[in-house]
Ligand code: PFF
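Here you get one chain, nothing else, as structure tokens; it is the form predicted alone.
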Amino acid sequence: MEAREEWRSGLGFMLAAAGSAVGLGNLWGFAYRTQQGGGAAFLLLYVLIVLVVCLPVLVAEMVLGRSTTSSPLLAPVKAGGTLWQPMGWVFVIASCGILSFYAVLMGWTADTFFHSLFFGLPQSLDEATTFVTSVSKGSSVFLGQLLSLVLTAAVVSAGIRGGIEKIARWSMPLLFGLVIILAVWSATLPGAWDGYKDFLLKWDSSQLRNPETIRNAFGQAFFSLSLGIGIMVAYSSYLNKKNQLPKQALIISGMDTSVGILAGMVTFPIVASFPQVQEAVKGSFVSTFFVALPTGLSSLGITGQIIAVLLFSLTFIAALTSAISLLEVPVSSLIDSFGWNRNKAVIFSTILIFVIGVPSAISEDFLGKMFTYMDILLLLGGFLISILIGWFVTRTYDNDLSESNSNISVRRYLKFMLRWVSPIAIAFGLFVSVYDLVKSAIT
């Protein structure tokens, strides 16, 4: 078995973890779900869930990984015994399932980027819809899916320091720079204030009781922070004891939430500035990003084309950093379970995930359902983490954090929240999510 690597530095770990968190869930999912949830009401729910529910779970996942120095598949067993093996399988199944459709979306993004760069933008909604149909159907979608997975596999094959940490060090500063540039530019559009007012600042208190909004807020928080999926377990298993996990978890959560809000500040002014595309935004998640935005930007001529190229390059970079973390979950599990070398584990995992992703490549409807139903697994994984670390192996939690000299008051607060708040809140989120999905399926 290969010797377990370590991150070169705490900064490298945080950038990689933030890269995992910052992805399509922020740049595309956050804006779409905020609009669905009525704006400020969804934003309030999301921020509360991140701070009150997710932050303690994030620290717990990091503790589980660092204390066991094991992959997501084996870490629950090593910490709590064989009864916790199903949690390891939840991690592996969820990561493979998400990456299977995530790679398809990466292919669409790459195709749209190259089309914007070399052929320009669609001049009408009909032209944009025709282009997206060509991107999401036929042999090209498989090519985009495959190339995205191959690129992801190449980085993961290079290892923690030589691959994942190295790409995180240049991609994350670039990603933050691009999203800030785009947010500043969007603020200059004539419909900027209307976009902020109608989407981000619009208040509808009834949305706080809407099961769909509650489900989306929980799903967005867990999906964008990569919680309940084993990613943070895998990444933290390569950490040394010097890193203060609560501090790093807070920084990661802050970076992730900031990008989500900035993404909304990019998207909503663009949509509000081009009335002809607002109806398209109300359609599907595909319409929001791949139809409405390019069509609106086309009216700005060469400036719109430049912005589109920057936007889709930003999106692909963010998606790549997330895909890398998703692939590391099954790869590290195969290495730990069977003693495979990293290259063999990467090749096997990549082929398996490509096959699993074929239905998503064929059917946009299936892809949308995968995106929706995977949220349930993330919440389930988060619930199990809070129970395992909060109730069954509390000494492991205390010992791990005390060894890194984390503030004792912070440790006590997080432990209280992990035991008495997070599991109850996540169980509520799970119940509401399942109820809403069943209700939607029946009606």
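Note that residue numbering follows the sequence shown and begins at 1. Fair warning: this is a prediction, and the values are worked out from it, not measured in the lab.
From this point on, the text means the form predicted in complex with this ligand, which you will not see here.
Asks: At the 4.5 Å heavy atom threshold, is Leu24 in contact with this ligand in the predicted complex?
Replies: Judged by the heavy-atom cut-off of 4.5 Å, Leu24 is in contact with this ligand in the predicted complex.
Asks: Can any non-hydrogen atom of Ser224 be found within 4.5 angstroms of this ligand in the predicted complex?
Replies: Ser224 belongs to the contact set for this ligand.
Asks: Counting only non-hydrogen atoms and a 4.5 angstroms cut-off, does Tyr102 reach this ligand in the predicted complex?
Replies: Result yes; Tyr102 sits at the interface with this ligand in the predicted complex.
Asks: Should Ser237 be classed as touching this ligand in the predicted complex when contacts are defined as heavy atoms within 4.5 Å?
Replies: Ser237: no contact with this ligand in the predicted complex.
Asks: Residues in which of 25-33, 65-73, 49-57, 382-390 have heavy atoms within 4.5 Å of this ligand in the predicted complex?
Replies: So the stretch in question is 25-33.
Asks: Among Leu311, Ile231, Ala217, Ile353, which has any heavy atom within 4.5 Å of this ligand in the predicted complex?
Replies: Among Leu311, Ile231, Ala217, Ile353, a heavy atom within 4.5 Å of this ligand in the predicted complex occurs only for Ile231.
Asks: Select from the listed residues Thr109, Gln145, Ser322, Thr267 the one whose heavy atoms reach within 4.5 Å of this ligand in the predicted complex.
Replies: Result of the distance check: Ser322.
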